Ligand SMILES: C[S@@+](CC[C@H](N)C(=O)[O-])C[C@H]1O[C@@H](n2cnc3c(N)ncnc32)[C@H](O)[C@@H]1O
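Here you get one chain, nothing else, as structure tokens; it is the form predicted alone.
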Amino acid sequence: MQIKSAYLSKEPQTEEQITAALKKYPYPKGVSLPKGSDVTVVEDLFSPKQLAQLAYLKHLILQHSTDNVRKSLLLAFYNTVAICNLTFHATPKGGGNHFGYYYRYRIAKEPTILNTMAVFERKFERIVAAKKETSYKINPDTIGNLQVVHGTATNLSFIKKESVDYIYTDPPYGKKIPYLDLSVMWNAWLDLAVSQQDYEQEAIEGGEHHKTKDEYNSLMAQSIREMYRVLKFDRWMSFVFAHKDPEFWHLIIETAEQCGFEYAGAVAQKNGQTSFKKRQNPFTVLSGQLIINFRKVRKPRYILKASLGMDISDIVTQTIEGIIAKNNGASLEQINDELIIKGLELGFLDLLKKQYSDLTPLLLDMFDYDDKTELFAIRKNTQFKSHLDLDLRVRYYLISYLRRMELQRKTATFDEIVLHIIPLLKNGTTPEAQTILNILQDIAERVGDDSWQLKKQSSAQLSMYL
């Protein structure tokens, strides 16, 4: 590779070479970092040797005559800068973490110094592999139709009304990650300007510009309205979210419904992080992400809040016992996800946060935990702990199951309902089929010969979810 040969022939290694390179080749100088960083300016995130080598490497890249190749090389350089700095440190299992892992510019106690060219070459090879994988899809039409926009999702005026087939969006998570603040280092190296308007349009709570929750909510709501405008009818929007605060979950659901979207269910997507021993999470932290799906239809049906007639502690216990019984044991992540999805769909997620900011003490007190399988289970020789009236427990599972069927635009036969309910009630008193039928007739209505669906806005059982 031309860049590699040129670099290795004059790689700054000695103190004299490093000093000379820093005088000759541009690198970020005097660019302030956000408050809370371990150092005040970008150049202090690097050793003199790292600065000199990165500056020289960037100089060589910018000399390349082909624009497309130069941009690919800069992408590899961007990924090299991410770990060739003093915030990076190796982890025991062979990986490593940099400042992005901690959401702030944190100098490692014992920085791991990597070989700059080796890292750059590895990053470039991955870009080449990605280009090869997608090359068969790239042609004059796709290139001609490509449009890259630097702007805000609150204003999609460049997209025609009802012209988009599908939206998959992964928005910023409130105050969890200060994206623009964390981009300062890369922007400085890549000569990318960030304007005051960019900060004003950033959907975040807090950050260097101390934005409020109301500002975040407003920007999110505006973007959802714009997405509704550009999406075609009978098409879908998938909203990826991993936020801790139920208020933001409800904001998404409520704003989407106000715009005219119909909620179509949520699915947990794992990110590989597991283990109760390593990470004793409060219930509001997903083990991965939640994909919330919406559909743009002409007559949307709205989420209804189930009036279950039980205390929130009973709902929590009942849900936990149900997922454990259904799977013959459940991990912390499975329990977390089940509670969040149930809370969303039945409208009690906000109550969960108020009363159960940390779920683990309850789990350890009420259930057995197996260190080997990392699963919770009903304690041996015990029955369910919720001690709810059998009719109320049946009612809870019926509403939950039929709600899920409704979101999938399906009905369920009585046999299907019974087969779903009975496993959730094991370790306790098993109801007669007539008991299930009696409760079913109270909350649902028959469709066809032997199918059932929830009654529409029954005042006795359901109230509008606001």
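From 1 onward, residues are counted along the sequence shown. These numbers were taken from a predicted model, which means no experiment stands behind them.
The same protein also has a form predicted in complex with the ligand, omitted here; what follows describes it.
Of the listed positions (Glu205, Glu262, Glu338, Glu202), a single one reaches within 4.5 angstroms of the ligand by any non-hydrogen atom in the predicted bound form, namely Glu202. Contact with the ligand in the predicted bound form, judged by any heavy atom within 4.5 Å, is made by just one of Trp186, Tyr179, Tyr369, Trp236: Tyr179. Heavy atoms within 4.5 Å of the ligand in the predicted bound form are found in one stretch of 253-261, 163-171, 186-194, 136-144, which is 163-171. Although the partner is absent here, Gly151 sits close enough that one of its heavy atoms falls within 4.5 Å of the ligand in the predicted bound form.
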